[in-house]
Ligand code: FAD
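Taking the form predicted on its own, here's one chain by itself in structure tokens.
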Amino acid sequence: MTRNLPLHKKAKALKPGSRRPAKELCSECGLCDTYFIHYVKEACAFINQQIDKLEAQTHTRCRNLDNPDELYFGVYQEMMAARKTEPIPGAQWTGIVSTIAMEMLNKGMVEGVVCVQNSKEDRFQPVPVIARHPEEVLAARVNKPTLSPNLSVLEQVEKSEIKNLLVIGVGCQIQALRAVEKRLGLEKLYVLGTPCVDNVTRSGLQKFLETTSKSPDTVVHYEFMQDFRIHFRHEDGSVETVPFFGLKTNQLKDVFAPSCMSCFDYVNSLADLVVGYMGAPFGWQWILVRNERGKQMLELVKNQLQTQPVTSKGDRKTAVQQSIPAYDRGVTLPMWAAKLMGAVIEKIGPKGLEYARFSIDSHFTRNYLYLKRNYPQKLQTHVPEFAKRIVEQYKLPES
């Protein structure tokens, strides 16, 4: 009888195209596409920022703000650079994320993996699925740099026979997931996170590709890399690079989603294991083991990886301070100047963990200003304490 149903099962998902409770700040994580919308005021990262509470719930403690690494990168047990000895063909990097997910299915640690494939018509159009077989995970390789409703499959999870689940996702999705995970009826939830910044709508992605790449229609994937260049891989296998400083900032300032411009969880603080690139040398990936579940996940593939310690070199602060007004004014350099500046900064600029801090500082100062100007009423409650401490290192424009 319906009167005995849990309250969330009486709720109704919003119809496609409906305005979400977070309004302009909605990141389209997918929660509101399910009856778990009942919990949205508590769970949504842009309505109720609660990283501290959820860190303690997930990792048994909050980050130590007096530890310089935890201040930036969150709670962790272990940090390293890694790459697969035998890369997966067609993977965005060497395929560490896909390999972990497939091994967890093969070893019976989980019965399903929430991951994102793409539509048959559009390689950049995300299609969240619950993968039951390694082949379905493999079909999800390569990042989709658009807003993705990963949590839209949560109703399917609760209705399925799945008791042990792996979810692959980004920070805003994982905060909402952690807020409702005890409602899913799972025995064990594993979370494999990727760092995330500056996602776009599908139309925004098209504008970015058309203003930045020489061949936007053949781009398979791209990434902003540690050499201060955007790397575009094309259908024929060729790689096109564009210096960060050559971006047409004056045309692209408004292309990023308001949710991404208001986000302070670049490093996916609530995942068990994080696999990215920004704290590692070029060609390697950066791995953060946050807790014991994350350690178990990494152990499955350790024998397939080359690893090395993380390093840190250079000083980011001058570059970050100079970037604040440049972005604010939408400064766009001629390509010759952008290439020259990129070459100089690649040689003498921050590397390893210092590059990761550079990227975090650049985005946090930008996002703090965006929030202050557009949503001043949210400034105190939405910006986590760790982000406030990071932003306080810099001089920001008064208005």
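Here the structure is a predicted model, which is why all the values come from computation and not from measurement. Start at 1 with the first residue shown and count on from there.
The same protein has a further form, the form predicted in complex with the named molecule, not shown here; the description that follows concerns it.
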Complete contact of 362, 369 and 396 with the named molecule in the predicted bound form (any heavy atom, 4.5 Å): no
Is residue 144 near the named molecule? Define near as a heavy atom within 4.5 Å, in the predicted bound form. yes
Indicate whether residue 93 is a 4.5 Å heavy atom neighbour of the named molecule in the predicted bound form. yes
With a 4.5 Å heavy atom cut-off, would you call residue 262 a contact of the named molecule in the predicted bound form? no
Is residue 197 close enough to touch the named molecule in the predicted bound form, meaning at least one heavy atom pair within 4.5 Å? yes
Pick the stretch from 289-297, 163-171, 247-255, 317-325 whose residues have a heavy atom within 4.5 Å of the named molecule in the predicted bound form. 163-171
So which of 104, 153, 205, 115 gets a non-hydrogen atom within 4.5 Å of the named molecule in the predicted bound form? 115
Answer key, the named molecule contact in the predicted bound form at 4.5 Å (heavy atoms) among 266, 232, 72, 190: the residue is 266
Go through 214-239 residue by residue and record those having a heavy atom within 4.5 Å of the named molecule in the predicted bound form; state none if no residue qualifies. 223
